[in-house]
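To begin, one chain is listed below as structure tokens, in the form predicted alone.
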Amino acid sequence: MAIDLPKRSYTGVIREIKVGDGDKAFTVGGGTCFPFYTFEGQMPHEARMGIEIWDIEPDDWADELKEVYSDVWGDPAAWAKRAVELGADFVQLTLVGTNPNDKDLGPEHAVEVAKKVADAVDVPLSIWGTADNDKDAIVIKAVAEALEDRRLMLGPVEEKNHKQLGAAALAYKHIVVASSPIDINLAKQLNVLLTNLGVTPENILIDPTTGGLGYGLEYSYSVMERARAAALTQQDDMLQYPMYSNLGTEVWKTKEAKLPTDEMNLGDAKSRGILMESVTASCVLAAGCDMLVLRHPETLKIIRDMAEKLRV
């Protein structure tokens, strides 16, 4: 006996955003229904999976990540190539070395590394700062100018530096990743500020901030879900943007992801880290996230396969 599912129609739609340039550019957004509710509407574009790389060699990554990247992570260009070989739709270059509380490297370093990465791969690039608003405004602006032809994603763009980075995105035709601290009202407010500045809707992605599994994931899911509901059912045009989740960083920095197999009876270390990242990724995907930044390639395979099956 066939089951006739109850259906709702929605008057809101998520904006379509073109990411990157050239043959490997892609479009996200465009949905007219809740995530994977394709019996009620359309999901014209698949969620995209990226891999995070750093501008400097990490010294505190889990052994499971060392097995995949340690032979290339001393060379960001080679690391970016490895990420693409492993299936990344885009690469996030995190400028950890510019952190003023650590190495405090300058914009010249950031530009040099970003150019090498941009020359090495043709997939879209995300340039990610350290959330130090003042330093990010200087460093990311310099990279935005140097790579004017690449249509970068610039983040995290926060309220305190939205004028500087919003202006850089405007001047050099890049995308801003508007980051707010797990609060739907703050996410909306930041988008209002950016559009008032002149940033056009086709150049904004929302980053509501993602807490890892056991570290605030439920709050992140709730905010993403509410944002998508407001966009579709209330026609809230300040929330009708694709969402970006920098989740790999949050998962793999936890002690549970780094503890070896023998400690605290937490099970096999490799499986544990990948499963923690996969559970987090599956949740934000189900909440409506369009772009996911991961670290382990096995997570990428798991989540991409899951997304493809759910879209059927």
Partner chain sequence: MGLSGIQIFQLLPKTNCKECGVPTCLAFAMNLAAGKAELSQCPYVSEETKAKLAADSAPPIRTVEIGTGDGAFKIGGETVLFRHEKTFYNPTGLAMLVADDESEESISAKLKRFNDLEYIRVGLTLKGDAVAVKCNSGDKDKFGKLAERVKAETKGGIILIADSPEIMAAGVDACKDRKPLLYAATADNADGMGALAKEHKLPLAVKGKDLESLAELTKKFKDDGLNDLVIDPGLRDIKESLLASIHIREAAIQKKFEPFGYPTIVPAFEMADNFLVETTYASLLLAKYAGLIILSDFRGESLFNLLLERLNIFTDPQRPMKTEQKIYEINNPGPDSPILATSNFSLTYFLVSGEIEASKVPAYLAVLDTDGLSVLTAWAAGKFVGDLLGDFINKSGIKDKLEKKNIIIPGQAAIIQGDLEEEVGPDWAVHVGPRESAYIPAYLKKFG
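Positions refer to the first chain, counted from 1. What you see is a predicted model; the values in this text were computed from it and never measured.
Below, we refer to the form predicted in complex with the partner chain, which is not included among the displayed structures.
Check all three, 255, 306 and 311, heavy atom within 4.5 Å of the partner chain in the predicted bound form: Every residue of the spot touches the partner chain in the predicted bound form.
Contact test in the predicted bound form: residue 151 vs the partner chain, heavy atoms, 4.5 Å: No, residue 151 sits far enough from the partner chain in the predicted bound form that none of its heavy atoms falls within 4.5 Å.
Partner contact for residue 40 in the predicted bound form: the partner chain, 4.5 angstroms, heavy atom: Although the partner chain is absent here, residue 40 would touch it in the predicted bound form, with heavy atoms inside 4.5 Å.
Partner proximity in the predicted bound form: residue 218 to the partner chain, non-hydrogen atom cutoff 4.5 Å: Output for residue 218 is yes: heavy atoms within 4.5 Å of the partner chain.
is_contact(residue 267, the partner chain) in the predicted bound form, heavy atom dist at most 4.5 Å: Yes, residue 267 is a contact residue.
The partner chain in the predicted bound form: contacting segment from 47-55, 239-247, 63-71, 276-284, heavy atom within 4.5 Å: After filtering at 4.5 Å, what remains is 276-284.
In the predicted bound form, the one of 109, 188, 115, 226 near the partner chain [non-hydrogen atom within 4.5 angstroms]: Only one option qualifies, and that one is 226.
Sequence-ordered list of residues in 127-152 near the partner chain in the predicted bound form, where near means a heavy atom within 4.5 Å: The stretch touches the partner through 130, 131, 132.
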